[in-house]
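One chain comes next, on its own, written as structure tokens: the form predicted alone.
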């Protein structure tokens, strides 16, 4: 696993947290929630390939 993906996920997390706080303070809770969900979806799209590789490795390891 590459370390850059960890840094990218951390950067998205920090960015989403800051945007979330700014939007909540501005009284826009709905947009804050949508920002949080968008950040989650982006990160999930990034790591889905790693999850797929993990399942393939487990299947190969246990010969399923």
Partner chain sequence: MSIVQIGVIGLICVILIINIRRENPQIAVLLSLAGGLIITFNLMPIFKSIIELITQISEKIDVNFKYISMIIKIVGIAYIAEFCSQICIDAGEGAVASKIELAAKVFIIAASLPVIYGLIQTVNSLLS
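Numbering follows the first chain given and starts at 1. Everything numeric in this text was worked out from a predicted model, so none of it was measured.
Below, we refer to the form predicted in complex with the partner chain, which is not included among the displayed structures.
The partner chain in the model of the complex comes within 4.5 Å of no heavy atom belonging to residue 24. Using a 4.5 Å cutoff between non-hydrogen atoms, residue 31 does not count as a contact of the partner chain in the model of the complex.
Residues 36, 39, 40, 43, 44, 47, 50 are the members of 36-50 with a non-hydrogen atom no more than 4.5 angstroms from the partner chain in the model of the complex.
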